[in-house]
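Below, in C-alpha cells: the form predicted alone, a single chain.
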C-alpha cells in the first residue's frame, strides 16, 4: 500500500525548489522536478528495521572495542592491542592530533550516532515523543560525516598487506567485529529514513489531539 497522501511541502536540498509531496508506493522514491535530486523515499517499517540493525551494530561496536584488533608476533614476541590501546599509544608517543582524530572518528562519533538512533527510535516506536527531537536530528546530521569506520578498516587492511612479509599477523576478534560493524552501519544508513521520523511525530500529535 502507498503511504498516506501527505499535505505538506518539501524543499529540494540541491536547488531549494519547494514542491508538493506525493504518495509513494513501497520502496518508491520522489525526485526533484527541477534538478532530479532525490527528495524522499517510502521505506515501510524503516524505523523497526533501523532499530534492529542499530542494536546489532552496538553489539559489534562493543566487541570491536573490547577485544584485540590483531596480534603481531616477531621472533617469539607477541603483542596485541585494542582500539582504545591504539589511541592511548598514539597519545603517549606525542601524536596528540592523530590520537584525537582516531578517537573522534572511530569511537566517539559512531557511538554518538548509535546512541542518538536509540534515543529517537525506541520512544517513537512506543508512540512517545522524545524531547528535543529537532536539535537531536540536527546533531546527527552534523556528526554523520565524521564517522569513518570504513576508512579505519581500509587503513587496517593496508597495514596488514605491508606488514605480512615482516611479521606474523594474527587477526583478533575486534577485526572481524569491525568488519561486521562496517556492514551494519551501511545497512543502518540505507534503512534509516529521516522523513519517517517527522511523519511518525505527526501521527503521535494527531493521536493526542484525538
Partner chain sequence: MQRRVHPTPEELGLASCHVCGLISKRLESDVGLLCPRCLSRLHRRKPYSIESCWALTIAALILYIPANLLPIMETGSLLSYRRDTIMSGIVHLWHTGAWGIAAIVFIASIVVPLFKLLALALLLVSVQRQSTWWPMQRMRLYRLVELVGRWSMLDIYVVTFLAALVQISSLATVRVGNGAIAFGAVVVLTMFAAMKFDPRLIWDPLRNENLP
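We call the rigid core the largest set of C-alpha positions that still match within 1.5 Å between the two forms. Residue numbers count along the first chain shown, from 1. Bear in mind that the values here come from a model prediction, so they are computed numbers and not experimental data.
Beyond what is shown, the protein has a form predicted in complex with the partner chain; the following relates to that form.
Of the residues 63, 55, 148, 31, just one reaches the partner chain in the predicted complex with a heavy atom at 4.5 Å or closer; this is 148.
In summary, among the residues 112, 86, 118, 125, the only one with a non-hydrogen atom within 4.5 Å of the partner chain in the predicted complex is 86.
Contact check for residue 98: a non-hydrogen atom falls within 4.5 Å of the partner chain in the predicted complex. Shown alone here, residue 180 lies farther than 4.5 Å from the partner chain in the predicted complex, counting heavy atoms only. Taking the partner from the other structure, the partner chain in the predicted complex has a heavy atom within 4.5 Å of a heavy atom of residue 138.
For residue 11, a non-hydrogen atom is located within 4.5 Å of the partner chain in the predicted complex, even though that partner is not displayed. Of all the residues from 139 to 176, those having a non-hydrogen atom no more than 4.5 Å from the partner chain in the predicted complex are 145, 146, 147, 148, 150, 151, 152, 154, 155, 156, 158, 159, 161, 162, 163. With the core held fixed, the Cα of residue 19 is displaced between this form and the one not shown by 2 Å or more.
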